[in-house]
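In the block that follows, a single chain appears as structure tokens, in the form predicted on its own.
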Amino acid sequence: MITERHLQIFIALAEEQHFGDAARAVGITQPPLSQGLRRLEALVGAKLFERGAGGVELTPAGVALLPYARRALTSIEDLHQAAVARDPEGPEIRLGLAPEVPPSAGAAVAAACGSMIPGSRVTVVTAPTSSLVNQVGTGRLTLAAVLHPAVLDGLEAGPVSLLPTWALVPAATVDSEVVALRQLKGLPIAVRPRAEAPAARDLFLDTLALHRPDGGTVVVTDERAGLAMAAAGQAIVVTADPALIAPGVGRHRLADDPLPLRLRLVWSRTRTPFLRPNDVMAQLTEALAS
């Protein structure tokens, strides 16, 4: 029997075109995602994806099945919403967090969800901004904290919160507590892949080029990888996480805060009837900024 999880796996893989990214979007590891896909292909009697050099692509059978899978998943989610509206235990809040969101900020939003919406049950997943927007739009997530700017495809959005950032540089590279970007010479700035948040990443790179035309960038998988490169004397990390630190790495406030972390909450008005933007979203946004 085809299950909701089979549909989630199929749709996520069609959207992400990469097993690892699809697994993160669904909130599972890659092995069960692969197993779920094989089971779905056996149930429908057709191969749904072809592997390529950069990931996977839908086969003609997969292309034909995709709109039916989306409609089926939407129907299942509508069923869940109808049940939630009458559930005495309260609604489930499925919160998505971009990986750039500092742990303290993510925890504050999750706590606010639980306190602002009586009886709610909060679950949390982490995924890139582009994936989170898709998941909110399809109803797999209730709301998400994403990077700004981003193409929101009709989703509701709260105000933009600006979080200050620090530069993490190899020890003894800079003496002053506050440093200008143009002073950070000789090493590349660690950045995450553009595909995770194209508009936000472009704004970051354009601003970086304006303040620091030389030095370049290096792509890393996450801030922990960037921190390791900084400790090895190979890169500089710009982060909003006040707790990200390691031996051999200096932490410096950026003068005039030219690269703040821009975050906002997004949600679907039609899929989240229990969210009241006027009295709930403002408090959730305040929690994000705090």
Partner chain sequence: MNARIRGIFEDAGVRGWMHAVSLDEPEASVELDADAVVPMASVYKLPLLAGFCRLVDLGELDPRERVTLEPSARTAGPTGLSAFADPVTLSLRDLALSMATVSDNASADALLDIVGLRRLAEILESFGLRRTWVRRGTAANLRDLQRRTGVDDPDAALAVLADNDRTDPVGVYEAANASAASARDLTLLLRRLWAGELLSASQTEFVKTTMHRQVFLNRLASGFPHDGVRVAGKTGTFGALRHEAGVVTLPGGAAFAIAVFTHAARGDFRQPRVDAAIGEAARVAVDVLR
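Positions refer to the first chain, counted from 1. If you're wondering where the values come from, they're calculated on a predicted model, not measured in any experiment.
Beyond what is shown, the protein has a form predicted in complex with the partner chain; the following relates to that form.
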| remark: With a 4.5 Å heavy atom cut-off to the partner chain in the predicted bound form, the contacting stretch among 119-127, 153-161, 99-107, 174-182 is 153-161
| Does Arg194 reach the partner chain in the predicted bound form, with heavy atoms at most 4.5 Å apart? | yes
| query | Would Asp206 sit within 4.5 Å of the partner chain in the predicted bound form, counting heavy atoms only? | reply | yes
| task | With heavy atoms only and a cut-off of 4.5 Å, decide whether Gln30 touches the partner chain in the predicted bound form. | result | yes
| query | Should Arg262 be counted as a contact of the partner chain in the predicted bound form, where contact means heavy atoms within 4.5 Å? | reply | yes
| Using a 4.5 Å cut-off on heavy atoms, which residues of 125-150 contact the partner chain in the predicted bound form? | His148, Pro149, Ala150
| Do the C-alpha atoms of Gln17 and Glu156 sit closer or farther apart in the predicted bound form than they do here, given a shift of 3 Å or more? | closer
| remark: Per the comparison in the predicted bound form, the Leu33 and Asp222 C-alpha atoms (change 3 Å or more) are positioned farther
